[in-house]
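A single chain comes next, written as structure tokens; it is the form predicted alone.
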């Protein structure tokens, strides 16, 4: 049997990271077994549809590395098929008309159960299942009918989805059996919670893929992080390539308990990925990020600055704030400037040639001895004068990259102004 799963987002808003987590588990399961992964847009709720969300969904999945087989399908295109099957169910006595709509007749006795691939055996008393509307009075099929119909027609073997769909599963099983189709394997994943133990939402921080991308996370780091929410290959491994995750992923190792989205852990992991890049690859990825953020800084200067921060930042979003002094004016806190030190620094730097980090270091150390001050006391006002901040890349390297003329102009200007 060829494994075939489907990702079925609703275009009622931009793709949430929780949805990406679910799609990732579908994709991992299919790809690890040579199976297929289909993308279906479940757009039966036209009153809440956001047109641009369809493009955002596909763009987000593609960026994170989740691909799909076959063309994208739209649930509304299956409405005629659903109406035909609903009419058949009415003719068979399994459904009935009710004020222009069609309802499926649920059994009153016994229970509906399935062996959930994550949670084990689940049984739901049939007395708890209401006769669900499967076709509205306007002729549109509802989610609980269109979804299992498409699962049937697409030959879906495994439905891997969030635990919020557990209540839908017995209804869909009953409908599929009435249509003469054996239901697929169901696997219901645990929810993703924020650090405070509540359902992940905007109050916790970024939640859409676009936001994580704009914050400067690497897609492969995000995949690694998401894969380990609710799944653990051995309880110890934290860094894995996508290929390794695909090879090791099993539903048996997925937990039914809620997982926590730990932003601090994601930052740590992303930093690890950034530091593991070669200098050229790091600069290449950084330039792509800056372009996406419409930051048109000189490419060669960006490449020159990249090594100064590769070991210091955890997300590309931090780069502009760290090296912005190289690309524009600075506005330092005058309370941190020491006019005597800055005036002395201007004189000490004047004879330094060539203007390179090694020579700058020698001049600065000599200045500290001349002034009888500790390096941190001397370096701070110089750093603030040239970078506008207490925090920057290495001072020697920053001065070299900024250039002698600009460095001296800032030091002298702030010495006079302070």
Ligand code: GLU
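Just so it is clear, the model here is predicted, and its values are computed rather than measured. Positions refer to the first chain, counted from 1.
There is also a form predicted in complex with glutamic acid (GLU); it is not shown, and the following applies to it.
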query: Which single stretch, out of 102-110, 161-169, 247-255, 339-347, brings residue heavy atoms within 4.5 Å of glutamic acid (GLU) in the model of the complex?
result: 161-169
field: Proximity of residue 273 to glutamic acid (GLU) in the model of the complex, heavy atoms at 4.5 Å
entry: no
query: Is residue 361 one of the residues lying within 4.5 Å of glutamic acid (GLU) in the model of the complex, judged by heavy atom distances?
result: no
message: So, residue 143 and glutamic acid (GLU): in the model of the complex, are they within 4.5 Å at any heavy atom pair?
response: yes
message: Quick check on residue 414: any heavy atom within 4.5 Å of glutamic acid (GLU) in the model of the complex?
response: no
